[in-house]
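Starting off, we have a lone chain in the form predicted on its own, written out as structure tokens.
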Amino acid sequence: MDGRGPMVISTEDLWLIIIAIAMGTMARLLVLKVDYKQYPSYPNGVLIHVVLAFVAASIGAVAIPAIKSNNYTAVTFLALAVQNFRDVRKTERESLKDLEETEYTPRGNAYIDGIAKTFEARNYFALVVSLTTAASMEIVAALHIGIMYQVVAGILAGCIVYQVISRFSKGKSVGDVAAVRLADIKVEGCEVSVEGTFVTNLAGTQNAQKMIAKEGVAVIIEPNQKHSAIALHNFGQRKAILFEATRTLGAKRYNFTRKDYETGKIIILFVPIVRDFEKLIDVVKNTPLLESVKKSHAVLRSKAVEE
């Protein structure tokens, strides 16, 4: 007997569960900070996801002791967790769609789907890190090594898995595939253009013309490579960029997004509440590239062309 009775939890098992839960929850917290500019809202939205992370980490932490005690039925909670996380994605999608009419500009279905999938996936962060931490501690315990070595082994394993998963799941942003710069707005009568590219003819009144000319801001997004324009020209991607820009600076009135078919440039124009050009450039660069619009140019090459 190793002192780990089936009816009373041992000290080693207790340490295993505590460390595994802590590591899984911490893994979720580390990636949660990336989402402040998008979602969830702070602090209530953050609290919801922290609690979900704790639940996910708890499931991963108790799976190893359950298997060790031959309680294989308890492992079915892993399958139940997966289903619950899928429900989280559905709930997030429905919640964001309900908020569309209250925003300065809509996120768009593509952006909403990306956010919902991201939050489902990041709950698996907590589950996998917690499970790996618990498994590592149990392996070291089988070697009859002290509890401190078990804790250190579990923390190291959890950190390594977190780094691997976070690098694998990290997506690109607009700034990774395009150059972003401010552009001059030109108003001629009711027509508005940006560096020679027509944007709109809705500036029909003098007040509108003065507002756009005096207070409007415009940004040009130029793809670094030709195939990058495939993603940037997607309507869902352009709506996501416009949404982040208007949500950060506000939108007093008018907001447009246009694409130049000849040069591949994307134009974002709106009248902000706060005129902060540096922040505008940063938020456009940090807008994520949506998974639904990403294409691999290497896959699109035909064998005939390569030969």
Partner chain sequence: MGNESTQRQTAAIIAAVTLSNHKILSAGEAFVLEAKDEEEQQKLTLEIAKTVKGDVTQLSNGIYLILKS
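What you see is a predicted model; the values in this text were computed from it and never measured. Positions refer to the first chain, counted from 1.
One more form of this protein, predicted together with its partner chain, exists but is not displayed; see below.
Contact annotation: F235 falls within 4.5 Å of its partner chain in the predicted complex, judged by heavy atom distances. Proximity of R253 to its partner chain in the predicted complex: non-hydrogen atoms within 4.5 Å are present. Proximity of S169 to its partner chain in the predicted complex: non-hydrogen atoms within 4.5 Å are absent; the residue sits far from the partner. When contacts are judged by a 4.5 Å heavy atom cut-off, L131 does not count as touching its partner chain in the predicted complex.
You can rule out all but one of 203-211, 142-150, 95-103, 169-177: in the predicted complex, only 203-211 has residues with a heavy atom within 4.5 Å of its partner chain. Interface residue among V164, A121, L156, C190, judged by heavy atoms within 4.5 Å of its partner chain in the predicted complex: C190.
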